[in-house]
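Shown below, as structure tokens, is a lone chain in the form predicted on its own; questions about how it binds or moves come after it.
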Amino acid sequence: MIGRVIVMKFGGTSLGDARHIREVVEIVRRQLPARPVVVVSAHAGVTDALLEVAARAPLGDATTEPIAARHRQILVDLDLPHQLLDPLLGELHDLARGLRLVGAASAKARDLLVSYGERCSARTVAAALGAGGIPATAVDAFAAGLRTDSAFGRARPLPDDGRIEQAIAAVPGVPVVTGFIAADELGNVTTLGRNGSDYSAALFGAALRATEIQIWKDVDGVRTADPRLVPEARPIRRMGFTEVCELASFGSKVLHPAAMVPAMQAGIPMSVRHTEAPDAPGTHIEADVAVPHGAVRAIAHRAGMALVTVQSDRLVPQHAFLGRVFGELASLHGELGPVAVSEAAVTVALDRHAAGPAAARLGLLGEVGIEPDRAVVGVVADVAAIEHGAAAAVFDTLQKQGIPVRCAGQGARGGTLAVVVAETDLSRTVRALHQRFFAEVGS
């Protein structure tokens, strides 16, 4: 038994340079009595750079030197040995050269390639902790027993049989675990999907029966809207798992949509904290939070969407048509936005990059149309709010602003309402709805 621990996950922005990493060292130092297990993302921008290497491999240009130089500079700025990561960076260089020679990067190869971001970050953070007088050891998540299926790029975790707790218990000092990555049962490196380090933290938290899972980011918790669109958006100090899941499903970037599930199942509270304001309360998330009756809690949004409509030729029974449509969409493993169903047509909001593949598949079932440059805006509220006026207020507000709504849908739990608008209307939509619901009330 490992005993009582907390899990502290730090995102890429929180690890973006030497100054931020020193802040992380001090945050961990303050929590040493709680026996932290640290989970880290890659340094900000590194995963994107690695994916660019994979994309450029068929063009014969897959250099990793800028990535290596970035990591070495961080080491120098931290007064750590600049050659600390040379073995990993050498492996990365050789892998990229192999991709260049082959002229392609499979999903399996991409997962291996991008894993080096977290693996380098974990070793840098562990070394920085050690230099600060805090014994620490970098741990690759796959070496700590995190297993998944072989769906490269978007792998799903397999049940844990106690191997994770056993592996972490044997780690000297503070374990610094890679987020986002795992391995399948054959030992191939897999990834949990973009921004999956939150998910990793929750999986480790559940496996270790942690007392709390802390997500440290560059924001002071969850707010009533994205402060980049609504500067006056207010922090929400206490939330329930269900409403945070709804926010994530509508595009909120504060937490990964899957991250709450292991924590909910294990009954472990989570918190979202600000690395540059560690004394700020952040947002506390747990199962039994009383949501104010009839209150709208937050406005979330997701840009970069497209609407895809498939029209049946009416020769196929409706139930069979719908089953085939959703079967094809499921095979894409993408996130779906609001869905509108009529007698012989289905309209669904998808990430713009998934719209083309979806249209190609759905074209076998009927006539398909794509409306690009859309955005989804979600209003997350108590069920009573939606049932007793909030839904009408959404449409009234947008009508007064002259913002057309192309598609709308209510969540299955009844406490959410999503609308699809033109991407050019996104900022106006979020600001108008925030003004309507939060101008005179507290969060």
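Start at 1 with the first residue shown and count on from there. Here the structure is a predicted model, which means the values were calculated and not measured.
Here the subject shifts to the form predicted together with ligand ADP, a form of this protein not shown in this document.
### Query
in the predicted bound form, which of the listed residues (Pro227, Gly98, Pro281, Gly90) lies with a heavy atom within 4.5 Å of ligand ADP?
Contact with ligand ADP in the predicted bound form is made by Pro227 alone.
### One residue of Val171, Ala144, Val219, Leu329 in contact with ligand ADP, assessed in the predicted bound form (non-hydrogen atom, 4.5 angstroms)
Contact with ligand ADP in the predicted bound form is made by Val219 alone.
### Residue contact check: Asn195 to ligand ADP in the predicted bound form, 4.5 Å heavy atom
Because a heavy atom of Asn195 falls inside 4.5 Å of ligand ADP in the predicted bound form, the answer is yes.
### Message
Against ligand ADP in the predicted bound form, would Thr347 count as a contact residue? Criterion: heavy atoms within 4.5 Å.
### Response
Contact check for Thr347: no, nothing within 4.5 Å of ligand ADP in the predicted bound form.
### 4.5 Å heavy atom contact, Arg223 and ligand ADP in the predicted bound form
It does: once ligand ADP is placed as it appears in the predicted bound form, Arg223 has a heavy atom within 4.5 Å of it.
### Task
Check whether Gly16 has any heavy atom within 4.5 Å of a heavy atom of ligand ADP in the predicted bound form, and answer yes or no.
Outside the cut-off, so no.
### Message
Among the candidate stretches 20 to 28, 7 to 15, 430 to 438, 417 to 425, which one is within 4.5 Å of ligand ADP in the predicted bound form when only heavy atoms are counted?
### Response
One stretch meets the cut-off, namely 7 to 15.
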